[in-house]
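As structure tokens, one chain now follows by itself in the form predicted on its own.
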Amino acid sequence: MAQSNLESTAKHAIYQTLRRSIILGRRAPGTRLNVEELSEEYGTSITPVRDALQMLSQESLVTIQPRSGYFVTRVTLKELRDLLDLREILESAAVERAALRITDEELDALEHVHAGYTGDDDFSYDRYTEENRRFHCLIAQASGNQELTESVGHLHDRLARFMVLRRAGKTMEYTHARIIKALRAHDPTLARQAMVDEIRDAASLILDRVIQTEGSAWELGGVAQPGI
């Protein structure tokens, strides 16, 4: 039992560390993740490393190739655009529904998501990304549709590496405050517009940054194959 608890603790620690390194670009798309090397790096057995990689594969941050191993997932430009479009479709619907039924307690929770701007360091941007995910998942949850909430959460996991590229630490609270204001007014039209404005601004910044500075890493010109 003690050994099982130790492996579970190690699994979650490895998962968090690897996830942060992928999201912040420390491990480039297509990089092979060697289980034995990671086991040695973290001073654990192979089992918690494999478990952590499995968790990351469920978030589409790691791709598992049979007989080849684990790789940091690559995303083509078409896939990225589709994900950003899907985000607008899902979250504009979620916020419209939430505006009609959100409670004061849920609104208060939204206002307390952010811990404030603390700088442009990696730790802060990791936190901003997680807070942004939580904010949008809370709105989806307020819509009353659990499947929608889970879809929004998974989408944010897949987009996490790109959301960091926005460098939105100073502006995120302002854009979210606008959404909260519309939700407090229980106005679906205003809420949808505030959400769409934020999502489209984010998408524009992400695409510009990816195409200009990250294109070679992401192999944006075609259908990328992980590990090649």
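Residue numbers run from 1 along the displayed sequence. Because the structure is a prediction, the values reported are computed rather than measured.
The protein also exists as the form predicted together with the DNA; that form is not presented, and the subsequent description refers to it.
- Though the partner is left out of this view, Pro188 does not reach within 4.5 Å of the DNA in the predicted complex, counting heavy atoms only.
- None of the heavy atoms of Thr17 is located within 4.5 Å of the DNA in the predicted complex.
- Taking the partner from elsewhere, Arg26 is found to have every heavy atom lying beyond 4.5 Å of the DNA in the predicted complex.
- Contact between Ile22 and the DNA in the predicted complex is not found at the 4.5 Å heavy atom cutoff.
- For the marked spot (Gln141, Ser151 and Lys181), a heavy atom within 4.5 Å of the DNA in the predicted complex is absent from each of the three residues.
- Note on contacts: among Ala203, Met172, Leu61, Leu33, the single residue with a heavy atom within 4.5 Å of the DNA in the predicted complex is Leu33.
- Note on the interface: of 189-197, 46-54, 173-181, 155-163, the segment with non-hydrogen atoms within 4.5 angstroms of the DNA in the predicted complex is 46-54.
- For the stretch 180-196, the set of residues having any non-hydrogen atom within 4.5 angstroms of the DNA in the predicted complex is empty.
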